[in-house]
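Only one chain is shown below, in structure tokens, and it's the form predicted alone.
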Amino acid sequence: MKLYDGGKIIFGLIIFLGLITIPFYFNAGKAVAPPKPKLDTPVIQALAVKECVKPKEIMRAEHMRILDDWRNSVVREDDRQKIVIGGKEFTKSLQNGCLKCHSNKKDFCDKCHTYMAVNPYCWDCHFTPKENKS
């Protein structure tokens, strides 16, 4: 089999590969470190033992699954019982539970969600909390 216009085909392939790899060249070496959520809210600072519902590593990885489970049990099953972990009671609620301590949505939630390029749907139902300007 004879390759007609082989030079044009090879040239076209080189141009195609060059265009496809442009995003990799522009982003080379531009890795950004993940943000660290700020835990300096007045409620957290006042706690003697700074504990959440689960350990920090689990909360970072699975908080959305936990919130989804809470939502399903409260909204769909009408299970509003508090969760007792380590002798402490926690309310199954984003606004009355999580945001009591983590009241800095902009520095706590939004930075990580922006970094991960996720758009949570929490605020489709919940009111966006008003933050104290400090």
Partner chain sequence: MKIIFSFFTVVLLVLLAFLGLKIANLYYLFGVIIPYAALAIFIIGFVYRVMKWASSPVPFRIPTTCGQQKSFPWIKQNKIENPSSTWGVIIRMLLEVLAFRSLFRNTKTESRDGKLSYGSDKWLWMAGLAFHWSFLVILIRHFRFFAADVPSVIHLIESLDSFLQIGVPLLYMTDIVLVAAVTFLFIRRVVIPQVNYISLIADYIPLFLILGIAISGILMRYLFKVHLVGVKNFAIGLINFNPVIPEGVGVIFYIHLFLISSLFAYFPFSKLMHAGGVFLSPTRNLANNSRMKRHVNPWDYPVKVHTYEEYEDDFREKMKNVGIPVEKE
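Positions refer to the first chain, counted from 1. Everything numeric here is computed off the predicted structure, so don't read it as measured data. We call the rigid core whatever largest set of C-alpha positions still superposes within 1.5 Å between the two forms.
Same protein, other form: the form predicted in complex with the partner chain, not shown, and the subject of what follows.
Participant: Identify, from the list K38, R60, K100, K88, the residue with a heavy atom within 4.5 Å of the partner chain in the model of the complex.
Facilitator: After the contact test, the surviving option is R60.
Participant: Indicate whether the partner chain has at least one heavy atom within 4.5 Å of a heavy atom of V32 in the model of the complex.
Facilitator: Yes, contact at 4.5 Å.
Participant: Is it the case that D68, even though its partner is missing from this view, gets within 4.5 Å of the partner chain in the model of the complex, heavy atoms only?
Facilitator: Residue-level check for D68: yes, a contact with the partner chain.
Participant: Please run the contact check for I15 against the partner chain in the model of the complex: heavy atoms, 4.5 angstroms, yes or no?
Facilitator: Heavy-atom contact with the partner chain at 4.5 Å: absent for I15.
Participant: Given that the partner chain is not shown alongside this chain, does N27 nevertheless sit within 4.5 Å of it in the model of the complex, heavy atom to heavy atom?
Facilitator: Yes, N27 lies within 4.5 Å of the partner chain in the model of the complex.
Participant: Taking only heavy atoms into account, state which residues of 102 to 128 are within 4.5 Å of the partner chain in the model of the complex, ordered by sequence.
Facilitator: The stretch touches the partner through C112, Y115, M116, A117, V118, Y121.
Participant: Quick check: G12 between this form and the one not shown - does its CA shift reach 2 Å or more after fitting the rigid core?
Facilitator: The answer is yes; the displacement is at least 2 Å.
Participant: Would the C-alpha of A61 be classed as shifted by 2 Å or more between this form and the one not shown after rigid-core alignment?
Facilitator: Superposed on the core, A61 moves its C-alpha less than 2 Å between this form and the one not shown.
Participant: Aligned on the rigid core, do the two forms place the Cα of R76 2 Å or more apart, comparing between this form and the one not shown?
Facilitator: Shift of 2 Å or more: no.
Participant: So the Cα-Cα distance between E62 and A31 shifts by 3 Å or more in the model of the complex; is it shorter or longer than what we see here?
Facilitator: Farther apart, which means the C-alphas of E62 and A31 are at least 3 Å more distant in the model of the complex.
Participant: Can you tell whether A61 sits closer to or farther from G29 in the model of the complex than it does here, judged by CA atoms, where the change is 3 Å or more?
Facilitator: Farther: A61 and G29 separate by 3 Å or more in the model of the complex.
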